[in-house]
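Form predicted alone, single chain, as structure tokens, below.
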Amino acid sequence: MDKHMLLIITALIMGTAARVLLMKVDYRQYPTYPQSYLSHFTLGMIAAGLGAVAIPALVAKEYVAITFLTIAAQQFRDVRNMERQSLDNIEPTELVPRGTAYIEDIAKAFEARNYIATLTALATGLGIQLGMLIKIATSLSILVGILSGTLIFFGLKRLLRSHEIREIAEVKEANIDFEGPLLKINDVIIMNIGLKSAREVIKTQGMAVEIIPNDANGIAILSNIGQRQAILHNAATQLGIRKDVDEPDFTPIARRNPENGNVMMIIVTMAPDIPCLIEAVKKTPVLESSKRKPLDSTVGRKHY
């Protein structure tokens, strides 16, 4: 077999494998239904193919052919737009919406994963080509390429790893109380619950937690409305909720204590389980759009 063809096939397999490994099946179940799974697998293979042929094109001095990588960049931006639009379209069907910030974060992740497939294939091809240049055995060249691609894949995966709420804050159980119709969590007023029957349901089936930021950076992140909405969505998805359409009294809510920046969250589920709620909140990803680091600035350090 032609050495360049061997390089392309190996790099294509490595890039495609990288994209497949990034398609996780978890409680979110997106995009793991069959149609979307096939769509992302195909796009990943195309992304890997673009990275696989780049090195042979350079070796053959077909420099014009490298410009097709710009087409890949446009294609991957279209992937982000496609995912954003898909999630926006189904957002009204969610009892507890993801929120625009969470949707944008998901869309960016899908775009980045295709770049990882391309770069993994590119690194694999480069490793194989270097092995050929120093004239080692073909099998060893392929091994070098596979190791190069593997290192790039795991390096990028680690670099793009999402942080979780557990890394920026502590989550504790909180007390639910009523002052007349006013719902309070740890003495912080959350909302007005007019119906006595709704108050009784909240007392028996409601759960509340207090999210306590570790520092000023955590306070800034948790002040973001999109981040709090992501926490509510994740908790409702995993634990289920008591509410149905047009039942605002049972809508999960997260309010910020303006005195200290702590966030009070309440959710009404069919079967209350505080340890599971705490774990669900802790494992919620920190959204890129909500990340703030006021402590990195002179003014921020002085203010806080």
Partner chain sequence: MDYGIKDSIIAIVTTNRSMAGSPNSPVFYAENREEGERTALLIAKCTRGMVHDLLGGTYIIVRH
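Owing to the predicted nature of the structure, the values given are computational and were not obtained by experimental measurement. Residue numbers count along the first chain shown, from 1.
One more form of this protein, predicted in complex with the partner chain, exists but is not displayed; see below.
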For the chain shown here without its partner, which stretch in 188-196, 124-132, 110-118, 211-219 has non-hydrogen atoms within 4.5 angstroms of the partner chain in the predicted bound form? 188-196
Closest heavy atom of Pro181 to the partner chain in the predicted bound form, within 4.5 Å or not? yes
Does the partner chain come within 4.5 Å of any heavy atom of Pro248 in the predicted bound form? yes
Does anything in 252-276 come within 4.5 Å of the partner chain in the predicted bound form by heavy atoms, and if so which residues, in order? none
